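Quick heads-up: it's one chain on its own, the form predicted on its own, in structure tokens.
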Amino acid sequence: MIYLDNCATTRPRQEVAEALAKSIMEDFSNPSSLHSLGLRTEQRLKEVRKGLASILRVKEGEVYFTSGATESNNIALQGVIRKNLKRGGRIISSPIEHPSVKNVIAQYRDDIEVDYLTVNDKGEISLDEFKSLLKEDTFLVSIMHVNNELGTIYPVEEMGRIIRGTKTRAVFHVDGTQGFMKVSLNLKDIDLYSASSHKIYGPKGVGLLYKDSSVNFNPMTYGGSQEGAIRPGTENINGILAFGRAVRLMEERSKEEFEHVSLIKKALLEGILSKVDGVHVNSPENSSPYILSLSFKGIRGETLLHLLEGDEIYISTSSACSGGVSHVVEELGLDKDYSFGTVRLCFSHENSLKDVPYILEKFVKYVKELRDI
């Protein structure tokens, strides 16, 4: 099996799976319970939070655990938007955000003004345009760190510095789902940051939200005092502990893995471009090495996906949260002859350079067959 759909989800590392299984049996107590078992579980929860805060270089009390990046994005965005509804104002975002950002903002379009940054055919934005859109009444900026379909890396650190240098009350949110532990980032000028466990070889159903202590808003849901009442309800302690293990392993191996996936992406891209004509590369040159988006002229990406699946090569056409031609691909302005033939390849430490010739062979074969049909 050659699995190239790692943007949708990754296979948990063996060490993480073992940590999760062990935790389910040993850390079953509720971390809010006052007895010794509960206190022991609470201490383990604190250790993971402390470790994540250290990696993110933020305060321990600014890290909140959630069910994943979608919930983190909702808590962050809806918290800020609802706080500003009566006062009014503007939001800046891009038209190619993940649905958990794009659709949240869309829910409030009748009550607030939204300024969308222009993106080029690689999904890139202009900092000059960003500066021009930033007004005194802009209260929220939400931009992803790495685009989940294209791999485009956004200059979020510089955007944060720009916001800090202007007379605006804007809170800056970054969706870090595809960048967390993969592409370096300093959160110094970022107020809110979302991440997910299952994108870095951890279990599903757990993620984090970094919220700067200066940002205050009411929660979306109400209940107990867990997670500072920002995300009430009994914590997924087993998932959190396994998430912590996944993060530690990524920290130890990130440099080696970054170089590894860079080589695979380069070899695969060069091979496809040399053997197949009518290919448009959607990913920018300096994109995340984990993501490669290609559009093949005159074919259907979904059909190519299923043909490759027959040889146990697993790819995707777009985000797992989208269907058909995604809103991201539509914004690139591609001709329909290309846009319908868009596929996404996402790499991990499990992929091997030795597999590249086989992958190329199958791509060449099936693209030719589909075009002949």
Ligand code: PMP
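All values derive from a computational prediction rather than experimental measurement. Position 1 is the first residue in the sequence shown; the rest follow in order.
The same protein also has a form predicted together with the ligand, omitted here; what follows describes it.
This chain is displayed alone, yet in the predicted complex one of His198, Lys211, Lys265, Lys182 has a heavy atom within 4.5 Å of the ligand; that residue is His198.
When the ligand is considered in the predicted complex, only one residue from Thr41, Thr70, Ser318, Ser348 comes within 4.5 Å through any heavy atom, namely Thr70. Look at 213 to 221, 164 to 172, 295 to 303, 70 to 78: in the predicted complex, residues with non-hydrogen atoms within 4.5 angstroms of the ligand sit in 70 to 78. By the criterion of a heavy atom within 4.5 Å, Gln226 is excluded from the residues contacting the ligand in the predicted complex. Taking the partner from the other structure, the ligand in the predicted complex has a heavy atom within 4.5 Å of a heavy atom of Thr177. In the predicted complex, Arg245 stays away from the ligand, with no heavy atom inside 4.5 Å. Contact annotation: Met144 falls within 4.5 Å of the ligand in the predicted complex, judged by heavy atom distances.
Contacts of stretch 84 to 99 with the ligand in the predicted complex, defined by any heavy atom lying within 4.5 Å, are made by His98 alone.
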